[in-house]
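Let's start with one chain on its own, the form predicted alone, as structure tokens.
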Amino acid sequence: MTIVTLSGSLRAVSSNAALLQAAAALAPPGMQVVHYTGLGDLPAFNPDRDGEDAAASAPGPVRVLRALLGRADGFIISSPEYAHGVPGAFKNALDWVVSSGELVEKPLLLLNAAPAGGQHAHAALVEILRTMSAQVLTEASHISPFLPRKLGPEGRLDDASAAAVRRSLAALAQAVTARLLSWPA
């Protein structure tokens, strides 16, 4: 199964990206984790640039994002909170895939690296992603932050955090497997 990670941060040294890297290192056998790194390349969402033939008319970076998300079986998102909400660049990325539907019915985890907790952004993301018909695994997601100081020098989580992320990844794998098995033959 292929899982795509999305960091809501544009920072070069992002605790969200570091958390997603640490989670990838904990992935169970059979789970391939691919990191999306093109957030800063996306133009501002404009429905006029996303015509009836979205596959051909959307800007190049948008086509890349959609293709990657379309091949994914599930997702992991870690996003900072800015002004009690989702960062604009990340909301922009989500806006580009509302109508194209790459997230529809696919399992998705939310992990939190925000030192202050990020409760507002978490709640906003859950609302946005459910509106987009993603299968948000709320019970397996974490609003309690995996603080950057919990990452060791090699980017590994402390034992308690690693155990929590492993449980979340197992829940994601189970949801993806259930979804794949429910598809008509």
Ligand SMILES: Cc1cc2nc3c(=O)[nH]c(=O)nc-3n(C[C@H](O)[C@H](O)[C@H](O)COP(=O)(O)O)c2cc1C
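Heads up: residue numbers just count along the shown sequence, starting at 1. Here the structure is a predicted model, which is why all the values come from computation and not from measurement.
Keep in mind the form predicted together with this ligand is missing from the figure; the text below concerns it.
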| item | value |
| --- | --- |
| Non-hydrogen atom within 4.5 Å of this ligand in the predicted bound form for each of Arg71, Val104 and Ala173 | no |
| Contact of Ala67 with this ligand in the predicted bound form (heavy atom, 4.5 Å) | no |
| Interface membership of Gly88, this ligand in the predicted bound form, 4.5 Å heavy atom rule | no |
| Distance check, Ser14 to this ligand in the predicted bound form, heavy atom within 4.5 Å | yes |
| Any non-hydrogen atom of Ala116 within 4.5 angstroms of this ligand in the predicted bound form | yes |
| Residues in 61-96 with any heavy atom within 4.5 Å of this ligand in the predicted bound form | Pro80, Glu81, Tyr82, Ala83, His84 |
